[in-house]
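A single chain comes next, written as structure tokens; it is the form predicted alone.
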């Protein structure tokens, strides 16, 4: 009994310390974003909130001058949302279709093709960014949402997860569907997709966060400020902090950073149960 209580106390202490270690920088950034730039310049980072919350966040959301560009944070959040949703939805659809073909269309090259897809995990975006950019430029898709999303929607990771899940589906379901006269498309839509809901949620969350945090590809693809994402906006604001000989706008830069982190956090919190359940089912 004593060892059990001591173990519980130790586990909770480690969890609390780990949580504080993760949350503390975010809290300091939030608290510092609610002060005036003069106060931050004189007193440094703050641990307690100030009284400029609505002033600083309102300026960032609706005033393009506060973000040092021709676009407000609200418009950048919209662009990031389009990129994140398009990125996640595209990857889920492509991955499901690829995994479905590999598992259920048992042609001879299924296994080699899967390993070719899987080997692309070894190729980061930086390796294929030049040919991808040339293709998108030749298609006239620069400075468009399509060009921003389309080259990124193939996913070896998603294909691998869906393949593992489909392999765990009993063959009796396929045989029963055949006896009912269901074709490949009907079996996929009526049986596999409903069974994959938790897996779809798990992959969607991972891919949404990855898409939301994309920096290099949107930076190359967009020369028009109107298509800037929130991550590019953060970099732009921090680059201009010391320009012009004025007091740096640290509070507004912190405010933009905090706002950029809110949507991914909300997605993870809202779909947390489905996310965990989807990953656990994958391990089965």
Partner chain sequence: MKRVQFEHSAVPYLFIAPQILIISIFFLWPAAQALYQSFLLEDAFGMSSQFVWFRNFEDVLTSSSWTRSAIFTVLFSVLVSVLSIAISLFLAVRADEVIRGAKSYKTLLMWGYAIAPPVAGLLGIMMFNPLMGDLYKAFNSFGFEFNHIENANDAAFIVILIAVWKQVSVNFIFFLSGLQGIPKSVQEAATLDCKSPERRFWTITFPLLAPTTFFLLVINLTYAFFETFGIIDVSTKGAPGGSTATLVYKVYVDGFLGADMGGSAAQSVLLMIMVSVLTVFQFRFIERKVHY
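Residue numbers count along the first chain shown, from 1. Nothing here was measured: the structure is a model prediction, and the numbers come from that model. What we label the rigid core is the largest C-alpha set whose atoms superpose within 1.5 Å from one form to the other.
In what follows, reference is made to the form predicted in complex with its partner chain, a form of this protein that is not presented.
Novice: All three of 19, 154 and 159 touching its partner chain in the predicted bound form at 4.5 Å, heavy atom to heavy atom?
Specialist: Verified in the predicted bound form; spot residues all in contact, yes.
Novice: Have a look at 74, 85, 113, 195 for me and say which one sits with a heavy atom within 4.5 Å of its partner chain in the predicted bound form.
Specialist: Here the answer is residue option 113.
Novice: Using 4.5 Å between non-hydrogen atoms, is residue 123 touching its partner chain in the predicted bound form?
Specialist: Yes, residue 123 sits close enough to its partner chain in the predicted bound form that at least one of its heavy atoms falls within 4.5 Å.
Novice: Whether residue 226 contacts its partner chain in the predicted bound form should be assessed with a 4.5 Å heavy atom distance threshold; does it?
Specialist: No, no contact at 4.5 Å.
Novice: Using a 4.5 angstroms cut-off on non-hydrogen atoms, would residue 234 count as touching its partner chain in the predicted bound form?
Specialist: Residue 234: yes, in contact with its partner chain in the predicted bound form.
Novice: Test of understanding: in the predicted bound form, would residue 40 fall inside 4.5 Å of its partner chain by heavy atoms?
Specialist: Answer yes; at least one heavy atom of residue 40 falls within 4.5 Å of its partner chain in the predicted bound form.
Novice: Would you give me the residues of 199 to 228 that have any heavy atom within 4.5 Å of its partner chain in the predicted bound form, in order from first to last?
Specialist: The stretch touches the partner through 206, 209, 210, 213, 215, 216, 219, 220.
Novice: Honestly, after the rigid core fit, is residue 105 moving at least 2 Å at Cα between the shown form and the other one?
Specialist: Residue 105 C-alpha, core-superposed: shift of less than 2 Å.
Novice: Compare the position of the CA of residue 187 between the shown form and the other one after a rigid core fit and state whether the shift reaches 2 Å.
Specialist: It does not, since the residue 187 C-alpha is displaced less than 2 Å between the shown form and the other one after the core fit.
Novice: Determine whether the C-alpha of residue 16 shifts by 2 Å or more between the shown form and the other one once the rigid core is superposed.
Specialist: Passes the 2 Å threshold, so yes.
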